[in-house]
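Below are two forms of the same protein chain, given as structure tokens: structure 1, then structure 2.
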Structure 1
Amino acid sequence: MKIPAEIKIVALVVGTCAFYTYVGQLVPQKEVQPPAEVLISSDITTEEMIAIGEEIAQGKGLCLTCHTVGESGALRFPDLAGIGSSCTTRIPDKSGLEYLAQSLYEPDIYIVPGFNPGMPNIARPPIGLTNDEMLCVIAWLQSMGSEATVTLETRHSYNTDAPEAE
């Protein structure tokens, strides 16, 4: 008995799909949830901003996907240990606050020597940090090697909608 070619092709396609479906089910599945919403109240202290900034860097901001803290060797992007003090000397005539803000809002303007560009603008989607979240990340960065001076009222050239300090 001869089996028609069309039936052989259908059997091959169904068999192949069944095989790959089975193999696909063997691969461990990991459910990834969106990062938890960070609530930032208007009366937050700088110390609380540092803690929230670290949480954002590890979660929603994805900073520690590429950056490290306190490591050396072949790194993808600059290590952040001591950034609070080194940020004041990276670009002449630019304050540490302005350097950190520029690094987050426009990361390709200044590239640390020895590293390639590639950091995304985390103020835009898909990361999309708010100005308050960015200030918390800046407070966290300042706290590594220096005293954090940022508050939610802090103004810099990228956050002109912050309220005037009284």
Structure 2
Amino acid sequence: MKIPAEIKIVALVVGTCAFYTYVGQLVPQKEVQPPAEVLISSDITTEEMIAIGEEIAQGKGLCLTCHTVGESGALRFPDLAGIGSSCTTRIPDKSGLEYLAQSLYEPDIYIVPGFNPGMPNIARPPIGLTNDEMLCVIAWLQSMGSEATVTLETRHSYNTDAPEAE
């Protein structure tokens, strides 16, 4: 029996779509939820700040979409492993804390050698971290390669005007 061309066409169209949909099912399936608000209570320890900072880095802060931790080779973005100690030597006469704050609030002032500018200002939307969230991120950065020293009370040039955390 000869199959009419119309039927073959329908089968072809449906089959093609089915095939591409199938390919779509083969790749990893991940639903991305909007970032959850991170609750920062005023009396948290530096240890807890590191944990929150890491959470922000993975989620809301998008840091780990660009940065790696502990990779080497031809990277597009500076690897953050050891940043806790290397931050003190990047700019002479600038403390580690001040350097980290500057990399987050005004990333384009100093560009890490070998890399292109392109780090977003994460204090502004779309990322828009609050000052307290920034301190947590700094704690996390410090913890990689050295001892985290910041608390929510810590002041640097970018949050000196901010009201003290209650």
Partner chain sequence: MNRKLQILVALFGIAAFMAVALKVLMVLQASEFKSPVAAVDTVETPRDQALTELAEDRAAREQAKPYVDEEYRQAPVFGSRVVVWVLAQLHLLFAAFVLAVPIFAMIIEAVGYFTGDKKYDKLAYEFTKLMATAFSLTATFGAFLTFALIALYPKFTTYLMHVFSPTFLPYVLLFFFEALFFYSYYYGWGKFHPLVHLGLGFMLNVVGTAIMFIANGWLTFMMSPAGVADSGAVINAWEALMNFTWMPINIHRVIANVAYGGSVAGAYAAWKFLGAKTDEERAHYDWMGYIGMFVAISAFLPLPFAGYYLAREIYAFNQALGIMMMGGAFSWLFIIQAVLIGCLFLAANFYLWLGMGRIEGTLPFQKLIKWLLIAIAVCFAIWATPRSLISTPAEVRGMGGSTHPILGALGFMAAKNTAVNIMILTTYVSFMLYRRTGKRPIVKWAKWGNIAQFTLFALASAVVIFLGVVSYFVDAATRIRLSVPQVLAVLAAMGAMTIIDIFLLRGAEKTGKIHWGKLPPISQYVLIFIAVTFTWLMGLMGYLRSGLRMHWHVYGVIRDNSVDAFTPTLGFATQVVSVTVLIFFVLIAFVFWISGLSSKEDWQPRSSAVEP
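Counting starts at 1 with the first residue of structure 1 and goes up one by one along its sequence. Being a predicted model, the structure only gives us computed values, none of them experimental. Basically, rigid core = biggest C-alpha set you can superpose within 1.5 Å across the two forms.
The chain as displayed in structure 1 is taken from the form predicted alone. Superposed on the core, the two forms barely differ at T151: its CA moves less than 2 Å between the two structures. Put the two forms on the same core and the Cα of L39 is off by less than 2 Å between the two structures. Here the two forms are laid over each other by their core, and the C-alpha of F19 is off by 14.6 Å between the two structures.
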